[in-house]
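Consider the single chain below, provided in structure tokens and representing the form predicted alone.
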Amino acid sequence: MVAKKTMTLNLTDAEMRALDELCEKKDLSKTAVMRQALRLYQLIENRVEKGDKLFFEDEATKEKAEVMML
């Protein structure tokens, strides 16, 4: 089993509400949602570093919007 570490995360009320809503919607724990978010962020960062771009596309209009990462 992989060793795990504990951390404290300070969130604003709005951030906590967003986390709670995602947990309820996905039926996941806060830890599971944060782990998924971290993995997704890491995946996006790796792709952007290689020169790839991230877009959202409106299915009906085919309009694309690039997501800019900081």
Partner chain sequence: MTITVSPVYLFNAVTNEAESAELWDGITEKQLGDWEGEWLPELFKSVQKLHRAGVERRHWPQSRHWNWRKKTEALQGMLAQPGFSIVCNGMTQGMMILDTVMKRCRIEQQKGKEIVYVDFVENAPWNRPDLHDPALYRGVGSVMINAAIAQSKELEFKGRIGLHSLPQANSFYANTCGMSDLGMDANYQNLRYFEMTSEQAEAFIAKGTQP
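Numbering follows the first chain given and starts at 1. Here the structure is a predicted model, which means the values were calculated and not measured.
Not pictured, yet referred to below: the form predicted together with the partner chain.
Novice: So in the predicted complex, does any heavy atom of residue 2 sit within 4.5 Å of the partner chain?
Specialist: Taking the distances in the predicted complex, the answer for residue 2 is yes, it comes within 4.5 Å of the partner chain.
Novice: Could you tell me if all three of 27, 35 and 39 have a heavy atom no more than 4.5 Å from the partner chain in the predicted complex?
Specialist: Yes, because 27, 35 and 39 each have a heavy atom that approaches the partner chain to within 4.5 Å in the predicted complex.
Novice: Looking at the partner chain in the predicted complex, which residues in 47 to 65 have at least one heavy atom within 4.5 Å of it?
Specialist: Sequence-ordered list has one entry, 50.
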